[in-house]
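Below, in structure tokens: the form predicted on its own, a single chain.
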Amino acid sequence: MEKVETGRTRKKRNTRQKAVVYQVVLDSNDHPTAEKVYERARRELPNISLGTVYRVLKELSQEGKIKEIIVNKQSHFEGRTDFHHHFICRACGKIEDVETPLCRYTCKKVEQKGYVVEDIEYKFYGLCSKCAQKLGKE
């Protein structure tokens, strides 16, 4: 028996939930977790579920529209998808973007060997300036 195609076939759709979750990530400067994205998305869509947020974040990440950063086994998300680095404060957990030519230089060296680089992830760990000041380690 031949299966009839319906309009409800599984394909990636641009839903209202997806648009709101995407905008929340784009508007965030703090590399939020899925739970933080969920809290912020609920301001506009009170009925959105945490499961939907997780699914949409995964889709957006797979589509290359957002980037997932894993720190201490916890996923964080950001709208910047270009090559850049991150500094993670071990005291407060703050994640900041780091601009440095290290990434491009290393990438070129690897590509000279014939490799095709699709993604780069450098993470610097330590204390942010506020935490260093609090702990007297400036």
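Residue positions are given as counts along the sequence shown, with the first one as 1. These numbers come from a predicted model, not from an experiment.
FYI, the form predicted together with a further copy of the same chain isn't displayed, but the following is about it.
Interface residue among C92, L50, L26, V110 relative to a further copy of the same chain in the predicted bound form, by the heavy atom within 4.5 Å criterion: V110. Heavy atoms of E99 reach within 4.5 Å of a further copy of the same chain in the predicted bound form, making it an interface residue.
In the predicted bound form, a further copy of the same chain sits beyond 4.5 Å of every heavy atom of V20. Using a 4.5 angstroms threshold between heavy atoms, T106 counts as touching a further copy of the same chain in the predicted bound form.
Proximity of Q74 to a further copy of the same chain in the predicted bound form falls within the 4.5 Å heavy atom cutoff. Residues of 109-129 placing a heavy atom within 4.5 Å of a further copy of the same chain in the predicted bound form, in sequence order: K109, V110, K113, G114, Y115, V116, V117, E118, D119, I120, E121, Y122, K123, F124, Y125, G126, L127, C128, S129.
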